[in-house]
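In structure tokens, the next block holds one chain alone, the form predicted alone.
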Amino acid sequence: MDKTYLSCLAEFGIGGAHPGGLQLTKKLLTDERFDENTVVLDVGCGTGQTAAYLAKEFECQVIAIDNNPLMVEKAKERFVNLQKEINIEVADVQRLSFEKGSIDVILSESVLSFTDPTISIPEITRVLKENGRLFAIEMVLELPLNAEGRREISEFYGLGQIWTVEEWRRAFLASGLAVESIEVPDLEANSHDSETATDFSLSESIDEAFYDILSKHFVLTENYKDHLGVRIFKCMK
């Protein structure tokens, strides 16, 4: 197995690995009204924390995909005791199998940055229905990085690009999406909300190298906290 940041997340089975975790997801969806005919696709679903929340809280049809088989396996374990069925499969957001115009809402929580957005965003646009919506939580470049910093971040996280807010906005527009809003999320954790605490679905045996990767992630997060930020992009087709 490749020792990468994404495979590290899979080994530890970190639920809500995106900035803000499930707490931010709940805030994001507070005013949404999904019914039994609404098809919601969670791309890069990880261990299925968001998909499970959708199934429990909303009367909608939930589909979840992730390109990591271990993540999908752990998500299926999470879904076992749910009262509602979630369709989940191993799939790549850059090559979706869904028909054109078949999805009402797509959630992408810290996923597109780890793809080629010039491929994944048009693919998302293709499968969205007319007036369908995309909610994307993504890393953004707040301050310029020197060549060494850009290389360190790109190589560690496996990123092909580190985009500014404006670059993300242009990419969404270029694919045919209207950008409804761009929001700076409140990432302060609510210590009294036990349901939104980071959860783990640990593999039975975790290579020591993955602990080193997780430690370096925390170091990079601190070292580049002024350069890297997060935005919520709400878009409509």
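Model, not experiment: these values are computed from the prediction. Quick note: we count residues from 1 along the sequence shown, nothing fancier.
Just so you know, the form predicted in complex with a small molecule exists too; it's not on screen, but the next bit is about it.
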| So which of 113-121, 126-134, 79-87, 162-170 is the stretch with heavy atoms within 4.5 Å of the small molecule in the model of the complex? | 113-121
| task | Just give me the single entry in Ser175, Asn67, Gln61, Ser201 that has a non-hydrogen atom within 4.5 angstroms of the small molecule in the model of the complex. | result | Asn67
| request: Quick one: from Ala91, Val140, Leu145, Ile153, grab the residue that has a heavy atom within 4.5 Å of the small molecule in the model of the complex. | output: Ala91
| request: Please check if Gly16 has a heavy atom lying within 4.5 Å of any heavy atom of the small molecule in the model of the complex. | output: yes
| said: Although the partner isn't part of this model, could you tell me whether Ile213 comes within 4.5 Å of the small molecule in the model of the complex, counting any heavy atom of the residue? | reply: no
| Does Leu6 reach the small molecule in the model of the complex, with heavy atoms at most 4.5 Å apart? | yes
| query | Do Ala75 and the small molecule share at least one heavy atom pair within 4.5 Å in the model of the complex? | reply | no
